[in-house]
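The chain below stands alone and is given as C-alpha cells, in the form predicted on its own.
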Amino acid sequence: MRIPGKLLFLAGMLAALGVGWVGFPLAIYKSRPQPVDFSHKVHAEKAGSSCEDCHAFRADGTFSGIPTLDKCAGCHAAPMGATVVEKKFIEQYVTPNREPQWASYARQPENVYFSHITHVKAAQLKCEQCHGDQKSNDKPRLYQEDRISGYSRDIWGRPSSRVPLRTEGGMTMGDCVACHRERGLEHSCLDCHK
C-alpha cells in the first residue's frame, strides 16, 4: 500500500510541530532551584509573618524586594524549629554571613519602571493581586530563566497549560494594562517604559 505524499507531508509536519512544542521551552529556558527551600506557608501560618515583615519599603519609598540575610538572621540566628531546611540555612548562610543568591522571579527588564509604593500605598493593591497566593507555598517553585534575555520566565507569562490562553502570576505587560483599564486608568507608554 502506497502512502500519498500529502499524508506523509502532513504527518511529518505534525511530528515537527510536536517536537517544537515540547522541545522549544526546554531549549530556551534553563532551570535551577532556589538556594533554600523557603516556606512562605510556615512563615505566614506558624510565625504569623505578613508580606511587609520581610518585603518592606525603605525610607525613600523604594521597595526592598528580596530580603537580605540580616533580615532573616534577625529571627534565625539560632534554629527556631527542628527542620533540616532551617538548620541547613543557618549553617550555610547565617553562621558564615553569606548572602543566599536568590533568583528573582519578578526582575523587570531594564527599560521598565515599576513603583511598588504607588501600587501598594496609593492604589491599595494587595500583594496577592500580582504575585498570587504566596502564603500557601511550602517551597519555592523551580526558577526558569530565558537563556537569551536572562530574565525570569514569569515576566513573559507562565502558561498555566500548554495552550497559553491564560497566564498565572500577573507579571506581564498585558496584565498591567488590563488592571489599569479595569480601574479606568489610561497612560502613555512612557509612564512605565523609560
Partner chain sequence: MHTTRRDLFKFIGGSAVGALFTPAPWRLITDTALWSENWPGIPRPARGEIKTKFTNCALCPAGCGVRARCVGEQPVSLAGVASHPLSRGALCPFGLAGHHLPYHPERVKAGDAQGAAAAVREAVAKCAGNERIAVLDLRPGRTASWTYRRALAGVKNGLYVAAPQPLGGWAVDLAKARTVISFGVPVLDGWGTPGNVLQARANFRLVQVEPVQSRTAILADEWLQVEPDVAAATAIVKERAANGPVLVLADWPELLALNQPGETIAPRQEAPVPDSWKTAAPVTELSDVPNASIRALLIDESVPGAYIPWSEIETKLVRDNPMVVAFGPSRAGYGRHARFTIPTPVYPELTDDIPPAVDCPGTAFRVSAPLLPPPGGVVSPADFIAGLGGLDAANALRERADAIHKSGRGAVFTYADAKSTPVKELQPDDFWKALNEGACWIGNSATMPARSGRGPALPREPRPLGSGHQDSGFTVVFTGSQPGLLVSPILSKLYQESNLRLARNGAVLHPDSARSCGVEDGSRAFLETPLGQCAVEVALDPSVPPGFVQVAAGPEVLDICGASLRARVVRA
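No experiment lies behind these values; they were computed from the predicted model shown. Numbering follows the first chain given and starts at 1.
In what follows, reference is made to the form predicted in complex with its partner chain, a form of this protein that is not presented.
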So, in the model of the complex, is A178 in contact with its partner chain at a 4.5 angstroms heavy atom limit?
no
Flag N137 as yes or no: does it have a non-hydrogen atom within 4.5 angstroms of any non-hydrogen atom of its partner chain in the model of the complex?
no
Its partner chain contact in the model of the complex: Q108, any heavy atom under 4.5 Å:
yes
How about I148 - does it come within 4.5 Å of its partner chain in the model of the complex, if we only consider non-hydrogen atoms?
yes
Answer key, its partner chain contact in the model of the complex at 4.5 Å (heavy atoms) among S31, S49, T62, Q129: the residue is T62
Where, within 4 to 22, is there a heavy atom within 4.5 Å of its partner chain in the model of the complex? Residue list please.
G5, L8, F9, A11, G12, M13, A15, A16, L17, G20, W21
